[in-house]
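Single chain ahead, by itself, as structure tokens, in the form predicted on its own.
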Amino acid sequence: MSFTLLAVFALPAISIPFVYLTGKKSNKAAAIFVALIALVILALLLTTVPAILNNPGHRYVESHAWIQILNADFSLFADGMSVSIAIISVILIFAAALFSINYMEGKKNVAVYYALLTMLSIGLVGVFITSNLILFYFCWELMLVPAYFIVGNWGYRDSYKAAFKFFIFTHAGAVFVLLGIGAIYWLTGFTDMFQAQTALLTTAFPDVVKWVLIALTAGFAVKMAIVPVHMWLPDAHSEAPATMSALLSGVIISAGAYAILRLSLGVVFPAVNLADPAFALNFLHALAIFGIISAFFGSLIALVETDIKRLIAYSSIAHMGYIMFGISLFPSNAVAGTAVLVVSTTAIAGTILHILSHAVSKGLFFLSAGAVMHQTETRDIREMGGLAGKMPFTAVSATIAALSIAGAPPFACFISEVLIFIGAFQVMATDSFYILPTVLMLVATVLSLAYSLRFTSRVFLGSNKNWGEKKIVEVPKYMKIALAIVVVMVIIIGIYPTPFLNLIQTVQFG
């Protein structure tokens, strides 16, 4: 019996008290401890890749006895989608830990911060590698608790107010998720998502399955911050410390997109499509509409926002719109009245790759913004300008992040957006509904370029006499190393996404 993925859970859980005790002695040592934990988890995840690529089912699976009364095993798995997102998540945790060495210097209770960051990593990675619905929900909620305290305790102005708003919104969404999971168990008697998917196809209550689909998707959409349930995101992301903003925008909201793919569409949608094909198609069209609204809303607000972190936060809403649009595409040509999903491979690849691309690009964007705020002690882009000469390394990192978010080649989001739109054109052949949404999403990409260029020009170009005698210097070395790591990932995914695409193309839905 293998314990590779169990070790991914156990290692950070066991390490939490040791990270705290290390942090009481040395903040730098605690940060390096967290970074080393992330490296070990990364190595463990990478060992599953050969099995995913070579096994007939393209999954690496572990199962350990757990709650027998519910017939629930501690079931863990990795496939091309889950392991790819988990790998990116761990890389961002590693970068955030290194960035924190300088960024958190001089702040109080930093030992608690690193212990919470270690706890957060359990939930962040655990969501992607479990097939047990109870364990999934545990990890889903575990992301919330340490994030609340990190935002509240080490944020900026009204940090606890923003953290409370984040907690209330996302926990309200989690209630819908819990209702959906409870209904799945009631309908099927299974807590394993793959067994439940098969059992739902023969359920005696097909109308209930529709509500399960709606409840799960609504709950996950709150975590994604899709309009109109987005209100928590700008405050939480802008008030959080830069490292937490990078993880919030890079991983936590991406978990919502993953959950819709894995549970809403992967587990429940086939049964809905079998029972009521017209409802299933309308449901997908509704996802596309919400995606378009989110993309335009986020982009238009980002075009006029003057707070450096709120600007980036609204761009996260916009890109979740792109992902929601992509999510609506790939099961759109499902065979009506069957459980078979004849999916667009290109749309699948583009949507999942965009989750990865957005994660690294937005993580870099927020870390760069945090570096600017750390060195200048201001967050209003109207008071900035001319920083390229004073902070050249940060300027290059932020520009790469902005251009990637804008969908410019050769950076990460370019290739994923191209694949999404190619998938959209493929779906148009069988569903003319997507003609107008695709045109609108193409327009939204122009808006992304506009706010990205505005950010770069306002912050780094031109000159600024407002600095006066204030000396602005480049960020310290550990912040540079963290930025460099994420820059490399943004460039690698943009130029050579093949390793991730090879994994993604093995993913099986339905």
Partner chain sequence: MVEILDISLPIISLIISALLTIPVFKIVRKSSHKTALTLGWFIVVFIIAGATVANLALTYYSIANPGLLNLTLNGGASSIISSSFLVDAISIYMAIIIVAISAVVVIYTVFFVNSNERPSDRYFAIMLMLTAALLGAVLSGDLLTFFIFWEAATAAAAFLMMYRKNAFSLNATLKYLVMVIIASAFVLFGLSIVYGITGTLNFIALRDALTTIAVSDKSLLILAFVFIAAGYAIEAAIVPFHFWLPDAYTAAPAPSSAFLSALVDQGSYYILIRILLYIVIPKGPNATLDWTFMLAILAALTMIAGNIFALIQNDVKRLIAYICVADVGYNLIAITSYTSLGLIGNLYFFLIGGITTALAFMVVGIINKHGFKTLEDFSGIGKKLPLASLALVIAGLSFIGVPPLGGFMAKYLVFTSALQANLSWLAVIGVLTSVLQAAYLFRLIHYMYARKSKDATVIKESKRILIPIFILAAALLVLGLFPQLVLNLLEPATRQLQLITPLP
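Numbering follows the first chain given and starts at 1. None of the values given here were measured: they were computed from a predicted structure.
The form predicted in complex with the partner chain is left out here; the points below concern that form.
Participant: Which pick from I214, I289, A172, M373 sits with a heavy atom within 4.5 Å of the partner chain in the predicted bound form?
Facilitator: The residue from I214, I289, A172, M373 that makes the contact is A172.
Participant: Name the residue from F77, Y258, Y148, F283 that puts a heavy atom within 4.5 Å of the partner chain in the predicted bound form.
Facilitator: Residue within 4.5 Å of the partner: Y148.
Participant: Is I168 close enough to touch the partner chain in the predicted bound form, meaning at least one heavy atom pair within 4.5 Å?
Facilitator: Output for I168 is yes: heavy atoms within 4.5 Å of the partner chain.
Participant: Spell out, yes or no, whether the shortest heavy atom distance between I67 and the partner chain in the predicted bound form is within 4.5 Å.
Facilitator: Taking the distances in the predicted bound form, the answer for I67 is yes, it comes within 4.5 Å of the partner chain.
Participant: Taking the partner chain as it sits in the predicted bound form, is I87 near enough to touch it, meaning that at least one heavy atom pair lies within 4.5 angstroms?
Facilitator: Result no; I87 lies far from the partner chain in the predicted bound form.
Participant: Although the partner chain is absent from this view, report whether K161 comes within 4.5 Å of it in the predicted bound form, heavy atoms only.
Facilitator: K161 belongs to the contact set for the partner chain.
Participant: Is the partner chain in the predicted bound form close enough to Q197, D207 and L263 that every residue in that trio has a heavy atom within 4.5 angstroms of it?
Facilitator: Per the other structure, none of Q197, D207 and L263 touch the partner chain.
Participant: Which one of these stretches, 218-226, 275-283, 363-371, 132-140, sits within 4.5 Å of the partner chain in the predicted bound form when only heavy atoms are counted?
Facilitator: Among the listed stretches, the partner-contacting one is 132-140.
Participant: Residue by residue through 168-188, which ones have a non-hydrogen atom no more than 4.5 angstroms from the partner chain in the predicted bound form?
Facilitator: Read in sequence order, the residues that approach the partner chain (within 4.5 Å, in the predicted bound form) are I168, H171, A172, V175, F176, L178, L179, I181, G182, A183, Y185, W186.
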